[in-house]
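Take a look at this single chain in structure tokens; it is the form predicted alone.
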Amino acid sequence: MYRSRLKGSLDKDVLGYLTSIEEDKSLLKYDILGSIAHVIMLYECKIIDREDAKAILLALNDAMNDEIESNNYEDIHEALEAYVIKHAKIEHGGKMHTARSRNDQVALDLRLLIRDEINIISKRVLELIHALLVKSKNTLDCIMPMYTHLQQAQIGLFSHYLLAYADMLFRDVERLDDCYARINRSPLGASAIGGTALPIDRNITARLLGFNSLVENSIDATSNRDFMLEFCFVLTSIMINLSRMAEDMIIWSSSEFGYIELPDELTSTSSIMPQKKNPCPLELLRARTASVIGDTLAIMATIKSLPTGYNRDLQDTKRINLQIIRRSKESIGIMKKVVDDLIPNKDKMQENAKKSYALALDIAEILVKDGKPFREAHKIVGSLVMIADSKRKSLYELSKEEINNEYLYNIIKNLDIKKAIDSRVSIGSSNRGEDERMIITRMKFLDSYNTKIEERSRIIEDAFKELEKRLHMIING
């Protein structure tokens, strides 16, 4: 349909190579909405008359619920315009594309899609955070070793780990929120690259589509994909956080640790070893994270050397972006199921905590409170650990003779793991009081973000209601 300058039809193999119809199907709704807004604007700016606008809008309205023939077209924009011309006739439908290019169309469709996906994914991440907070509240009494370098470091609470994950994901929601503000700008009306000589009003289409403002520069509006890249960066950050959570849970569900148990319905077994209970969804989440990282790098590599202005290379970034979105949404859902249903083994965690040397810092800090320089206290307790380790004993099991210091012996005998945790006073430390406080404040954060997302969705919904109202006013006169 677009081959005015070229002879004959596009080679079939070349068409197959060029077409983006499959991935464009997810953009069809947005292409129709953008076209409706554009036609209303053309009418209100007196560039087309009511008869033209009515015929085109009737066809677009039908296209919302109709099957669009997509074979033999390069993309959904061409397929939709062919549909409109077929139903509204060339004398009317041929005017739909006035003052518009596929270049600003695809930029618009992507912004509309990503804008919706930000709200959807934000809600899903918040649901996962809620699950983490609920599980935290229910595990405030689960005492366990905490780890650095995968070595036992300090005694803490399982709830504290879960709260750490919640805070990581809250920052991702903040990033999505920041990203939304830059996504929510309209490129429509920028045309191919340099704007148009026709008297359009870009602000009309921006308002009708619920955008806050315009991407003003016509080159920037049509050829830049930094908004997509930023969105993919945030999804990559979410996936990395989920992957780290998955790694912990894979280790903790192993027989060697036994800190948590995953429900049967979230695990797989072996084809040959009947005893196996494999955390396969979590393992695949790690692999999907690698794919998302690679896909984001692929978008970066595609964009890095493009000359300014639209280039067809950008078409492939659309496909990759959709894959990143799909994998991220699936992974968030899987992790929520895991968090909801995992069963902490309180006894095993506490047993390992008691046997560990992770109370060493707490003992050193008692010595500091009694006036010892920290470095001297560090040396004293380190020597005790060396003795205990050589005798294959816990610190609690050392005799008075082995400790050879009644003052130290009394400190160790009177310090249990619960007292050690309760003694923490720094903000954000691992103790029950701080964890309870953080759960309460983060529940409030959840409410605040949910309200913000609902407000964003309401603004979009109100804009589309106005769009529909104007559409029917033109159709019905």
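Given the structure is predicted, the values throughout are model-derived calculations rather than measurements. From 1 onward, residues are counted along the sequence shown.
Below, we refer to the form predicted in complex with arginine (ARG), which is not included among the displayed structures.
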Checklist entry - Contact between Q154 and arginine (ARG) in the predicted complex at 4.5 Å, heavy atoms? => result no
Checklist entry - With the partner left out of view, is K89 within 4.5 angstroms of arginine (ARG) in the predicted complex by any non-hydrogen atom? => result no
Checklist entry - R312 near arginine (ARG) in the predicted complex, any heavy atom under 4.5 Å? => result yes
Checklist entry - How about N103: is it within 4.5 Å of arginine (ARG) in the predicted complex, going by heavy atoms? => result yes
Checklist entry - Any idea which of 262-270, 69-77, 112-120, 136-144 reaches within 4.5 Å of arginine (ARG) in the predicted complex, heavy atoms considered? => result 69-77
Item to check | Selected contact from H97, H160, K318, R288, since only one has a non-hydrogen atom within 4.5 angstroms of arginine (ARG) in the predicted complex | outcome: K318
